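Quick setup: one chain, the form predicted on its own, written in C-alpha cells, and binding and motion questions come after.
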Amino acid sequence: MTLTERLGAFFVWIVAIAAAVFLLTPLVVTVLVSFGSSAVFTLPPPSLSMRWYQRLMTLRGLAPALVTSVQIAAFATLVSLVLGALAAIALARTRFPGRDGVVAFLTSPLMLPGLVLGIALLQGFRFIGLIDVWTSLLIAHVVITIPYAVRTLYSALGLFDFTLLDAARTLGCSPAEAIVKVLLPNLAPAFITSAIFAFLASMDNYAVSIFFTNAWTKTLPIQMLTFAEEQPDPTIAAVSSLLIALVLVLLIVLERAIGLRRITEV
C-alpha cells in the first residue's frame, strides 16, 4: 500500500469515526439523562436513579398511545408487506414502458417531506369524506411504510431465478404451492428486513401522524410531544431510551436470523 493510499484510508476512518460519534452522542446523552435523579436535563447526572422509568407506570396517556402505535404499526406493516410483495413481483416479472417511473412513484413517500405528505393525505381524506381517526392513521402509515417493502422486495426479486418456479410447476406444484414452497423461503430475509424497518418507521413517525390524531387517539411520538410541552422532565428520555432498546433488540434479532451482511445485500 502506497503512502497516498494509507493517507486516504486514514482519512476515511477519521471521517467514519467522526460521523459515528456525531450520530451516537445524542443517543448516549438521552440514555444517561434517563438514569439521572435530577428533575431537569442534567449531564452528568448528580446520581443514578430509576425514578423516571418507575414513573412510566403511572404516566397518564402513555399506555393508550403505546397500544395505538403498536396496533397501527403492526397492521400497517402487514398491509405494506402484502401490497409491496404483489407490486414487487409484478414489477420484477413484467417489462413495460415507464416501469422505472412506477418504482420511483411507489418509493416517493421516502423522498417527500413529512409535512407535505401529511397535508396531501389530509386533503385527500377530506375529499373522500374519511373522518375516522384510526382508519386515517392506518392508511397514512401504509403510505409511509410501503416504500420499504416495495424497494427491499423488488431488489431481492432482482436476484431471484424465476425459472425455479417453473421447475416447481413441472414437478407437480400448483402456482400457489410454487410460491409458498420456493419463492417465499428465498425472500424470507427481504420480508423480515422490510417488516422490521416498516414497523420502526411507523412507530417513530411524527410528521404525518400529527395531522390525524385527536385528544382521544394519539400515537406514541405525538403523546411524547404533549409530555414535553406540559411537563418537560427526563421521563421523555426514559421513553426514548426504551425505544432505542427496541431498535437494538430488533437489530440483534436480524443479526441472529439473517446476518447484518445479508441485510445490506438485500
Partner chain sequence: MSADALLLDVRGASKAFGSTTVLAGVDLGVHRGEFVSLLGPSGCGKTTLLRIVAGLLGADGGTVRLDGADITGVPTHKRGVGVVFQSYALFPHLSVADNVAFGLRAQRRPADGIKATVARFLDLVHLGALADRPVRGLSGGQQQRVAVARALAVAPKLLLLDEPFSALDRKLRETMQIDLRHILREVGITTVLVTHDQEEALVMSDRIAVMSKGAIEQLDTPEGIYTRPRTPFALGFVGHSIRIAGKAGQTTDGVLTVDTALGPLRAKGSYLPGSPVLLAVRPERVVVGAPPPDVPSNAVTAALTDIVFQGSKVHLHFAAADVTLLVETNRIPPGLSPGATASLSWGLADTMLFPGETA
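Numbering follows the first chain given and starts at 1. It should be emphasised that the depicted structure is a prediction, and the values quoted were computed from it without experimental measurement.
There is another form of the same protein, the form predicted in complex with the partner chain; it is not shown, and what comes next is about it.
Chemist: Please name which of the stretches 164-172, 130-138, 94-102, 68-76 has residues with heavy atoms lying within 4.5 Å of the partner chain in the predicted complex.
Modeler: Heavy atoms within 4.5 Å of the partner chain in the predicted complex occur in 164-172.
Chemist: State the residue from 195, 106, 182, 117 whose non-hydrogen atoms include one within 4.5 Å of the partner chain in the predicted complex.
Modeler: For this set of options, the contacting one is 182.
Chemist: Taking the partner chain as it sits in the predicted complex, is residue 155 near enough to touch it, meaning that at least one heavy atom pair lies within 4.5 angstroms?
Modeler: No.
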